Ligand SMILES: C[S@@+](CC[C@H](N)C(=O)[O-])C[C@H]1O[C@@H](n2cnc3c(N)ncnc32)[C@H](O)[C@@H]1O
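Just one chain follows, in the form predicted alone, and it is written as structure tokens.
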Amino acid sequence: MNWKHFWDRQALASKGAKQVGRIMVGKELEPKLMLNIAQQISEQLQLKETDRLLDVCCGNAYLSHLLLPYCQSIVGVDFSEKLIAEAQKLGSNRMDFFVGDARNFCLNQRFDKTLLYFSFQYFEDYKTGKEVIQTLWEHTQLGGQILIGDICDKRKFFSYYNSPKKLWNWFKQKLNKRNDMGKFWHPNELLQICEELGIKGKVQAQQTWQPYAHYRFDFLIEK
């Protein structure tokens, strides 16, 4: 799946939450719900007003903007030039955005906290996932936290593909060598990556009120 082409096209076709896939049953998630998600992330990362936050796969910075009240500043990275152009329209002097690939970007700086949210499914094999986690680790200060959030859970594959229609659409996409949902990860895969990298990670269940909690999980790494 050519995800860069997918998200460049999404950037032109939509606005706001839809532009970054924050939808349910074809509709944008409610602003209040997105605010609650931002607050939940701030608690998981223990964000403080002095923290510099790195938001990887930030898209159009819809979520980054909601997290700004919880920290000092935010740097966002995404591989879609079109989505970064949308992010830069926000114009805050406490936010900077760069085009970069999550697998190997280099900003030559470290951050207090690092976030990669609603995007890990687009890294579709173990090697790529490991490269991403290594890059996040290299950009995080000692004593910081890394949150990889909203990860599709392989154990709950049929909680998402829960109807003949959904399964048929998945099968057709597989035949055409595309899959809009990307990879469903098993939590043990992330734990194994962390073990190989010599770092500590733990699986976190999502809160029941979160919109995709029935088939997703979070993963927290402490440095």
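Numbers for residues come from their place in the sequence shown, where the first is 1. Since the model is a prediction, treat every value here as computed from it, not as a measurement.
As for the form predicted in complex with the named molecule, it is not shown, yet the points below apply to it.
- Shown alone here, residue 103 lies within 4.5 Å of the named molecule in the predicted complex, counting heavy atoms only.
- Among residues of the shown chain, residue 7 is one whose heavy atoms approach the named molecule to within 4.5 Å in the predicted complex.
- Using a 4.5 angstroms limit between non-hydrogen atoms, residue 47 is distant from the named molecule in the predicted complex.
- For the chain shown alone, residue 83 is a contact residue for the named molecule in the predicted complex, at least one non-hydrogen atom being within 4.5 angstroms.
- Not one of 126, 151 and 185 is positioned with any heavy atom within 4.5 Å of the named molecule in the predicted complex.
- Note on the interface: of 134-142, 87-95, 112-120, 68-76, the segment with non-hydrogen atoms within 4.5 angstroms of the named molecule in the predicted complex is 112-120.
- Residues 57, 58, 59, 63 of 53-77 are found to place at least one heavy atom within 4.5 Å of the named molecule in the predicted complex.
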